[in-house]
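Take a look at this single chain, the form predicted on its own, given in structure tokens.
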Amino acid sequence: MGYRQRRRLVAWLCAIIVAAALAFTFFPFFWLITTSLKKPIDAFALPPTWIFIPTLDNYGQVLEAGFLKSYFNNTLVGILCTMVSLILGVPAAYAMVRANFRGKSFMGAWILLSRLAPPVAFAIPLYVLFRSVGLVDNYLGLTIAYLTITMPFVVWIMTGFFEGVPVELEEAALIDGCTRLGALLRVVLPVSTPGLATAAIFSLMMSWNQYFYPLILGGRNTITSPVMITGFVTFEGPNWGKLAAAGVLVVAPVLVFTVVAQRGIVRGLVGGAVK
């Protein structure tokens, strides 16, 4: 076998492997979408029904059950959490890079460890505290709870970007009359725009997919979409059509948003890693 034949064979084998991996990865999404378009008799059929008449009844029933309210709650809390994470996390990351203080390395390790801690470690203390101050089933309470997940991530990723900004740029701004805050806003942040975008995107995605905190700290007024999905599992059993339709409605915005912002996410992560 010649060199060209071997090269072509390797290319075909790689293409087959990639196609198999993509089929394996996307099959759950295909199953979710097809189930959401099936009637109950087709959704429960064994063996599975592959040829059926699609229907949008499941989506209509999900929307009639108040799913749009949970969509609004998800969006509102996600936006609030992202904004607060950037407002508090960006100055914290800048201080971790530029300021010299005792216990700096310990604080950096503590921030990273808090990112690795499971949400259940904070759930009971937060519930006891929020119940005493009236923040259970409250947008502010959910936002504060979400910060335990998003804030460490923002500080961690922005630290990598700020370390790549030359100190000479800030010194020149200080000589020209800028304050330390002015140098941060006018010099450092414009250079670190990819990092800000990446931190905001991931914070919004993590807030959107959060399930545990709204389950424990939320309620009727602040129910989010991931929590509301569990309401379609009744004592009679799961309603697979409604579950699938609700799952599609929750996954679709994140999937579309990820595809649209894919280049920005990759550029931001790679830029932070290189710097």
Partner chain sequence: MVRLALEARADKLDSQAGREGQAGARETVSQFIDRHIMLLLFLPAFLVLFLVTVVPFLTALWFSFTGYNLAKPNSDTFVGLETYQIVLSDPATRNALFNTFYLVAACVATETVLGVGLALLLARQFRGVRVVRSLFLVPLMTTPVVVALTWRMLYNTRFGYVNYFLGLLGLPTQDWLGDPALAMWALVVADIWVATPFVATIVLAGLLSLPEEPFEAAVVDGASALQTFWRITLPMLRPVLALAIMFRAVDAFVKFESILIMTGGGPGEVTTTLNFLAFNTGFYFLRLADAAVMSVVMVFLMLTIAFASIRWLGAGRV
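Residue numbers count along the first chain shown, from 1. Throughout, rigid core stands for the largest set of C-alpha atoms superposing within 1.5 Å between the two forms. Note that this is a predicted model, so its numbers are computed, not measured.
The same protein also exists as the form predicted together with the partner chain; that form is not shown, yet it is the one meant from here on.
Met107 is the sole member of Leu76, Met107, Val191, Met83 with a non-hydrogen atom within 4.5 Å of the partner chain in the model of the complex. By the criterion of a heavy atom within 4.5 Å, Gly219 is excluded from the residues contacting the partner chain in the model of the complex. Proximity of Val128 to the partner chain in the model of the complex falls within the 4.5 Å heavy atom cutoff. Although the partner is absent here, Arg186 is not a contact residue: none of its heavy atoms lies within 4.5 angstroms of the partner chain in the model of the complex. Heavy atoms of Ala197 never reach within 4.5 Å of the partner chain in the model of the complex, leaving it off the interface. Looking at 192 to 228, the residues that come within 4.5 Å of the partner chain in the model of the complex, counting any heavy atom, are Phe202, Met205, Trp208, Asn209, Tyr211, Phe212, Leu215, Ile216, Pro226. Once both forms are fitted on their core, a CA shift of 2 Å or more is seen for Ile175 between the shown form and the other one. Here Ala11 counts as shifted, since its C-alpha moves by at least 2 Å between the shown form and the other one after the core is aligned. After superposition on the rigid core, displacement of the C-alpha of Phe29 between the shown form and the other one stays below 2 Å.
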